[in-house]
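Encoded as structure tokens, the following chain is the form predicted on its own, with no partner shown.
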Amino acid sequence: MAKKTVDKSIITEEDLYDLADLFKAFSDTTRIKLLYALMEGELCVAELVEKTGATQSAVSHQLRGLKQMDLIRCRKEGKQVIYFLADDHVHTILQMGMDHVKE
């Protein structure tokens, strides 16, 4: 399968700002912990608190930001809100980043 590339001649200034914002999302260890936890599957806030060791307030705050950045999505199940990664790109970015760190 051929590797898909971006035509650099059509990258706009807005695209560059959006890319910078994407990488900012990965600049906080609590957000990284949450994303790694969600790589394992769908979780509610209480499960994320348990897995990350962060407070409920911190988890809720960071989830709100990750959702605004389109890195996670959620759905309601009764009174619970279940969170999950938005798409496979998030998993790939995290894995590639960790591979780079571990080299």
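Don't overthink the numbering: it's just position in the shown sequence, from 1. All figures in this text were calculated on a predicted structure; none of them were measured in a lab.
There is also a form predicted together with the DNA; it is not shown, and the following applies to it.
With a 4.5 Å cutoff on heavy atoms, Val81 counts as touching the DNA in the predicted bound form.
His89 falls outside the set of residues with a heavy atom inside 4.5 Å of the DNA in the predicted bound form. The closest non-hydrogen atom of Glu50 lies beyond 4.5 Å of the DNA in the predicted bound form.
Taking non-hydrogen atoms only, Met69 never approaches the DNA to within 4.5 angstroms in the predicted bound form. In the predicted bound form, the residues of 22-46 lying within 4.5 Å of the DNA by at least one heavy atom are, in order, Lys24, Asp28, Thr30, Arg31, Cys44, Val45, Ala46.
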